[in-house]
Each structure stands twice: as C-alpha cells, then as structure tokens.
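The form predicted on its own is given below as one chain in structure tokens.
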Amino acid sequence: MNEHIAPVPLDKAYRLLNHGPTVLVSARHEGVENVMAAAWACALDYAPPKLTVVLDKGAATRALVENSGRFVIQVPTVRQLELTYQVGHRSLAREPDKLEHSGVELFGMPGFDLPFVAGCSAWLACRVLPEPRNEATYDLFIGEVEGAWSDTRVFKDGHWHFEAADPGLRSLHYIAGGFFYAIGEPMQAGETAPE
C-alpha cells in the first residue's frame, strides 16, 4: 500500500466530497471489476456517514454495485485527467480490457473486498443502502461509508491542503464535453475557520 495513504476518521469522511469533485466509482462482483467516472456524487449525512452517487442504468459498474451491494468512491487527481476521461467514456461491455487501456491500476485495502484505484487522493468504501424507487427512477444510489482514506500529502488532520500540495494532486471538476477544472485557490471567510 502507498506510504502516503492513511485512514480518515469516519466523522470527517464527508469532507472528502464536500468540495464537489468528479469521482471514480469502482466495484467488483464474481471476479468482474470495473471503474467509471461520475460527476454527480455528494456527502449526505454525518453519523453514520453516507453519500449519494448517480449511476446510469446502462453503466456496467452499476450492475456490479447492484449485485455486490458495495462500491468505492475515489477522488481522482489532475494527474489522472486522461484516466478519468477514459473510464467515463469507455464501456466494459464493448471493451473487456477497458481498465488496462485506460491506465487503471487497482489495489486492495485490508478488510475490504473491493477494487481501489491507485493514484487518487481519497477513497470511501461504501455499502449500498437500498432505495429501489430512487435507484429505478433517478439512478440515485445511497452508500453508507464503512471506511475512508486519504493521501496525506493533500488531505490530513480532517482538511484538504491543496494550496500546499503538488498541483498534480488537485481534484478534478467536470463541466461537459471532456472539459474539467482543477480546484482553485483557497479563500477563508470570517476570522477563524470552522471545525
């Protein structure tokens, strides 16, 4: 495992998504693994921590999530721009070697039988909280976060530190048509930052 990866307390896990990054969703079922990009993911609750993500009915990753009941949300970095674009536009159904062609390297975390994408800045291992109506009508999945980790070069002590990290570790924010932004500079309102 990468020497820069450390657990994030679950009561701070929501902070890994609060800034609205594009995410990678990975899942595994019966030996099949896949990764897809998703622009619509957000924190939902604190205790226990929960998040939401939209997974289109046609996505192979969605079928893996539905069948396994588990998935990982990870925050890709600027260094992973092309990888993020590729896994969002290639289909496992049409390209069985999609992950290899997209440059995806997977690894495992102790205690979790899930595929984690190497090189990201944050990872959240989730268990699906079934909401059949939301899933069928809105493609909206709710996950309870069971484990969270970050790259300590950019997230530590419960906070992002993009301004002090290598710019290649900044998060991606998808707009449309293959166009992304990297997160910008920090600004602080008031005299002290809230805890």
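Residues carry their position along the shown sequence, with the first being 1. If you're wondering where the values come from, they're calculated on a predicted model, not measured in any experiment.
The next section is about a form of this same protein that is not shown, the form predicted in complex with a further copy of the same chain.
J.: Which among 62-70, 162-170, 145-153, 29-37 is in contact with a further copy of the same chain in the model of the complex, heavy atoms within 4.5 angstroms?
T.: Within 4.5 Å of the partner lies stretch 162-170.
J.: Is there a non-hydrogen atom of A93 within 4.5 angstroms of a non-hydrogen atom of a further copy of the same chain in the model of the complex?
T.: Although a further copy of the same chain is absent here, A93 would stay clear of it in the model of the complex, with no heavy atoms inside 4.5 Å.
J.: Although a further copy of the same chain is absent from this view, report whether F116 comes within 4.5 Å of it in the model of the complex, heavy atoms only.
T.: F116: no contact with a further copy of the same chain in the model of the complex.
J.: Whether K50 contacts a further copy of the same chain in the model of the complex should be assessed with a 4.5 Å heavy atom distance threshold; does it?
T.: Output for K50 is yes: heavy atoms within 4.5 Å of a further copy of the same chain.
J.: Would you classify C126 as touching a further copy of the same chain in the model of the complex, given a 4.5 Å non-hydrogen atom cut-off?
T.: Contact check for C126: no, nothing within 4.5 Å of a further copy of the same chain in the model of the complex.
J.: Need the contact residues for 101-138: heavy atom within 4.5 Å of a further copy of the same chain in the model of the complex, sequence order, or none if there are none.
T.: Going through 101-138 in order - heavy atoms within 4.5 Å of a further copy of the same chain in the model of the complex - the hits are L129, E131, R133, N134, Y138.
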